[in-house]
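So this first bit is one chain, no partners, the form predicted alone, shown in structure tokens.
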């Protein structure tokens, strides 16, 4: 089987796929849609990061595609419904770069509170300006976190350990860690000394922070966005920095980002004082990329070896319990009544005893695992595929 890995995925993933028996094609960039469709015909596994977009048009040209790995946190670049309809599980890495993003956010808060980048720029120009006026410790400041997921919650723990008072806002109920409190978005904006955004890429978060939200913030606030570029109205942010309402900002993600390192970057935030701009590198550490590569590749290898889908973002969860039989079949189907009975009937008609069975459903699809102890006629696969409502069938081993 062939695995196509795009966007410079970590070599650790390549080693895992090779050990699992895959032939590897690795590409350092995200090819255009036309080129990608031409590359997909014999691909069983596709590995991407954030720039490659996968929709029905790509899937239509990939008859052998059996799994997709998003070697990043977000999966909004992938049409998950279309993948489910084709019986293709999608795996991502929800935790592997969390620490890297959190460390960068904390470092930027300290740099902004101390005006380090502006001071450094002055010295590079030969200007010595030593003063304590307007510069502060991070200890004792109130941090408002918008989005209390994996990154936001870990940020809260480390920020609190540095002496910050931490509050957060989230649309869902979350377990508050330490002495952290959940507050309304209005209170968070009004009272926070530092605001850091860590929401996911769902469409409802588009322009979450705009003119009205910036106007409601405490004068002199520091603002950070290391989540998604479309979450923040950049023009509104630039205006409030120029007016002095926002004392400094750190932005790692942008509504429009260059396709490659060779394309110029343009933003309304360029040249503004006490503003840190970074090229979407919050999770770009060697440690994070190695962790992401290993995590996603291992989950996909496990799917092919055992049928495990425990960390898939679109498939029903199945985690093997350890015992193995002679054969394991995986049946992916529409979530409609009577499917299990029809599956069982196929084995019964061929006089094959089922030794173990598992069925889970998620949304519109069902996922059945059937274990058998004895030898099976290959015709079982054809019979299973012929069941009305079947999406995909394969022999795991």
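Positions refer to the first chain, counted from 1. The structure presented is a predicted model; accordingly, all values stated were derived computationally and were not measured.
Beyond the structure shown, there is the form predicted together with a small molecule, which is absent from this document and is the topic of what follows.
Participant: Only one of 108-116, 125-133, 318-326, 246-254 has heavy atoms within 4.5 Å of the small molecule in the predicted complex; I'd like to know which.
Facilitator: Among the listed stretches, the partner-contacting one is 246-254.
Participant: Go through 291, 149, 87, 307 and name the one with a heavy atom inside 4.5 Å of the small molecule in the predicted complex.
Facilitator: Of the listed residues, the single hit is 149.
Participant: To verify the annotation, which of these, 274, 314, 92, 205, has a non-hydrogen atom within 4.5 Å of the small molecule in the predicted complex?
Facilitator: None of the other options qualify; the answer is 205.
Participant: Any chance residue 227 has a heavy atom within 4.5 Å of the small molecule in the predicted complex?
Facilitator: So residue 227 counts as contacting the small molecule.
Participant: Does the small molecule come within 4.5 Å of any heavy atom of residue 280 in the predicted complex?
Facilitator: Answer yes; at least one heavy atom of residue 280 falls within 4.5 Å of the small molecule in the predicted complex.
Participant: Taking 4.5 angstroms as the cut-off for heavy atoms, does residue 174 touch the small molecule in the predicted complex?
Facilitator: Yes.
Participant: Should residue 97 be counted as a contact of the small molecule in the predicted complex, where contact means heavy atoms within 4.5 Å?
Facilitator: Within the cut-off, so yes.
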